[in-house]
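There is one chain below, alone, in structure tokens, taken in the form predicted on its own.
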């Protein structure tokens, strides 16, 4: 019999990422997965059987009517995050939502308003917060180890459009939809831009005050389409940014970065030192140039102890009643940056960013 203090979790949406959620939450003390829900009844049932989950539903309304859970992991497709989350919040349940929170900032801030009115625990799975190196880098910056930040270089580079390490995108719907705006894709900017913008602003502890962005969609098939997929979503993005303290930076991302599988790189240059952070989905590393080493440009590896994953932080939040990070508001602020990139590209100019309210 389960501990009465355990938090009960339902997984909504049983596609690819949901299996990772099931594995993670099953391994965390203090919670248990009690239900799965998907509009595809067979998939929901198969998922529940695979992960030893006692109940499955094919309708969110039915699951909410049953209601014997405390929180929902929302791993539905991006386009239905808003509608499903609003229904969950109306039922008073906590939400751990996959990224992006919504497909645009207006929808994201509608969700922020709803969750803050509901007063429930809320988090968004910006997965690279799990990297030990970014957490340590932020601690070093907060401690003043590199002084004032003056310049930032950041990238998130993939190559699945030039290599077949994740399968052949030309015949696999998992990848084709990411290239088509009609299928809900915001291109590389929406898919991985949300990660690198969060990585940069969280890592530096600085907000972006102004930006200029250039987006590019390359020809990838005859007629610009494969089957029912029009390949019109952006493939690469290059941004120039100014931070709130006056520092400058460059942020870029691409699916055409041949030789790079799935790499986030962030270098933060300060007046007293510098940090280099690298991460992929499973590993991360930190190098530092501090003290006397800045005179010889010597970089040394820096030990980064393990830190809790987002899923761990969500369970801690459920048990403690104190919200974890990154929350809905944080994800909405990042979405605002991404939306502004489309405007900047269309208008070919640098634009100011409306800054979040001070704490």
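Keep in mind it's a predicted model, so treat the numbers as computed, not measured. Residue numbers count along the first chain shown, from 1.
Unshown form predicted together with a small molecule; subsequent notes refer to it.
Can any non-hydrogen atom of residue 341 be found within 4.5 angstroms of the small molecule in the model of the complex?
Residue 341: no contact with the small molecule in the model of the complex.
I'd like to check something about residue 98: if you look in the model of the complex, is any of its heavy atoms closer than or equal to 4.5 Å to a heavy atom of the small molecule?
Result yes; residue 98 sits at the interface with the small molecule in the model of the complex.
Find out whether any non-hydrogen atom of residue 127 is located within 4.5 angstroms of the small molecule in the model of the complex, and reply yes or no.
Residue 127 belongs to the contact set for the small molecule.
Heavy atom to heavy atom, is residue 164 within 4.5 Å of the small molecule in the model of the complex?
Although the small molecule is absent here, residue 164 would stay clear of it in the model of the complex, with no heavy atoms inside 4.5 Å.
Among 222 to 230, 111 to 119, 135 to 143, 69 to 77, the region lying within 4.5 Å of the small molecule in the model of the complex by heavy atom distance
Selected range: 69 to 77.
Consider the chain as shown here, without its partner, and state which of 82, 276, 195, 252 has a heavy atom within 4.5 Å of the small molecule in the model of the complex.
It is 195 that has a heavy atom within 4.5 Å of the partner.
The unique member of 304, 294, 39, 28 whose heavy atoms fall within 4.5 Å of the small molecule in the model of the complex
Spelling it out, the residue with a heavy atom inside the cut-off is 39.
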